[in-house]
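Starting off, we have a lone chain in the form predicted alone, written out as structure tokens.
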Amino acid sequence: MDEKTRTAAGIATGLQGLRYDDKRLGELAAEVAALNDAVRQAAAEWLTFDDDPFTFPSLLEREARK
């Protein structure tokens, strides 16, 4: 089990009280990594440090509609 999968397992069990088999945990880790990369890329492209924090949710909504 790689580090991302162990992290997904820890979150599922520790924060959500859920248990998944190793295959599903690997799938969840890959899904979270893809979403995280997309959010970081969109934020880097469209946001600056000084932007209003409320700009972020509208950016996510706009990008999700693409």
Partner chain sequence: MRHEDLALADLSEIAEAIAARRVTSVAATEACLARIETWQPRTNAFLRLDTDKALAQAKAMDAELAAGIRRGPLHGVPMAHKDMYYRKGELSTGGSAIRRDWRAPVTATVLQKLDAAGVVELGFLNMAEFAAGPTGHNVHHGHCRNPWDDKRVTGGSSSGSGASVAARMVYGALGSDTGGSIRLPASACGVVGMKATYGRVSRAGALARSWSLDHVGPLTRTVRDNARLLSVIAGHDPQDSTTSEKPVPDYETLLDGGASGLRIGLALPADGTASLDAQVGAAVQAAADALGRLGARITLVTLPDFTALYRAAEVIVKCEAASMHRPWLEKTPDAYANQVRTRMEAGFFIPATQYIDALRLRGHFVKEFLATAMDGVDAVVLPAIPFPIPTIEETDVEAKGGPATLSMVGRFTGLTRPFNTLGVPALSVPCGFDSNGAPIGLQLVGRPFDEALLYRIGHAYQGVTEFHRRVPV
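Residue numbers count along the first chain shown, from 1. Each form is matched to the other, and the largest set of C-alpha atoms that superpose within 1.5 Å is called the rigid core. Since the structure is predicted, the reported quantities are computational estimates derived from the model, not experimental observations.
The protein also exists as the form predicted in complex with its partner chain; that form is not presented, and the subsequent description refers to it.
Its partner chain in the model of the complex is not approached by Gly14, whose heavy atoms all lie more than 4.5 angstroms from it. The closest non-hydrogen atom of Glu3 lies beyond 4.5 Å of its partner chain in the model of the complex. In the model of the complex, Ala43, Trp46, Leu47, Thr48, Phe49, Asp51, Pro53, Phe56, Leu59, Leu60, Glu61, Glu63, Ala64 are the residues of 43-64 with at least one heavy atom within 4.5 Å of its partner chain, listed from first to last. The Cα shift for Tyr20 between this form and the one not shown, taken after rigid core superposition, is smaller than 2 angstroms.
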